[in-house]
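Before any questions on binding or motion, here is one chain by itself as structure tokens, the form predicted on its own.
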């Protein structure tokens, strides 16, 4: 009983360590800049009205505005009218910190465009990875050919190579082809996933050979067996791989930062967070955390919906 108690305690502590950054991110997305700087206000902050200074500056009255407002303020000189208009601007630009942060997340930068780019890039990468990984995994798991074990050894070796080691030659090749600042530069380098090949190969090893032999007896080609027999049986493993692939490329900052240098319309969600990095005045932490919350939410929802299949796919693939 004591041993089980210690296991649960360690798991709870691990969960708290993992959840702490998410707690801070969501909490900051509700707070005003002053509360963030001082570290006060609880989880949601006090939600007292704050003034959007940029909104006030945009409504700074000029001579034409003062002249047009003179009829509304009879008997007042220009300075008094300016102060009255400034007070109206402050009142109109006052809002709750949560409203300010999330409204800035969608107005300060085209966040919806960045989210759409993330969907296009991650789904394109995953689709191409499946097209390559399934036939390769099937060949390594079910076909007998000379050098099969050596090829599988190369797959395992490629798992050890970090992306940073091949980033420079990849970039040079894409630059010479004129593909930088394009969707192709974000997608093409990741069409072959050695992890996907390894994961699917481990799953295909659990598929009975009798099922494949039955397909061959029906006159099906090897490619037909891959797409009409192996693919339907591999749905749990594919969902597990989808979680790994989508999360990795949705959150990737390193590669998009390299190949997308001048076209903001191609920014992915992590690059979009740079829009809230300030200069001498500091960063806009509230809107930045609100953007991060919006960016992370689809991944959390997708994982919760596919959690059972994800665990099933990992278990059937033989990964521990």
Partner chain sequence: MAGLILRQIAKTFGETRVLRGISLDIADGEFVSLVGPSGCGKSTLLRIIAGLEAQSSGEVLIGGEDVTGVRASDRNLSMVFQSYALYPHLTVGENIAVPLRMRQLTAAQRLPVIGSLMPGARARGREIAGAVSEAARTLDIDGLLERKPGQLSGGQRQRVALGRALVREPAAFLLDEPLSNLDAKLRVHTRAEIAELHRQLRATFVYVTHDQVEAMTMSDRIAVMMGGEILQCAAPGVVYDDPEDLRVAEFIGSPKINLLPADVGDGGRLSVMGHPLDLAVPSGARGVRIGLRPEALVVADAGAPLVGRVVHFENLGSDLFAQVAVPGLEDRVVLRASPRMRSSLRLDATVALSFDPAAALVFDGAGKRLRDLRRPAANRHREAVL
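Residue numbers count along the first chain shown, from 1. These numbers come from a predicted model, not from an experiment.
Same protein, other form: the form predicted in complex with the partner chain, not shown, and the subject of what follows.
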Close approach of residue 219 to the partner chain in the predicted bound form, 4.5 Å, heavy atom: yes
4.5 angstroms heavy atom contact with the partner chain in the predicted bound form for residue 232: yes
4.5 Å heavy atom contact, residue 149 and the partner chain in the predicted bound form: no
Heavy atom of residue 211 within 4.5 Å of the partner chain in the predicted bound form: yes
Single option in 156, 116, 224, 177 placed near the partner chain in the predicted bound form, where near means a heavy atom within 4.5 Å: 224
Site test, 144, 215 and 228 vs the partner chain in the predicted bound form, non-hydrogen atom cutoff 4.5 Å: yes
Interface segment, criterion being heavy atoms within 4.5 Å of the partner chain in the predicted bound form, picked from 203-211, 101-109, 119-127, 177-185: 203-211
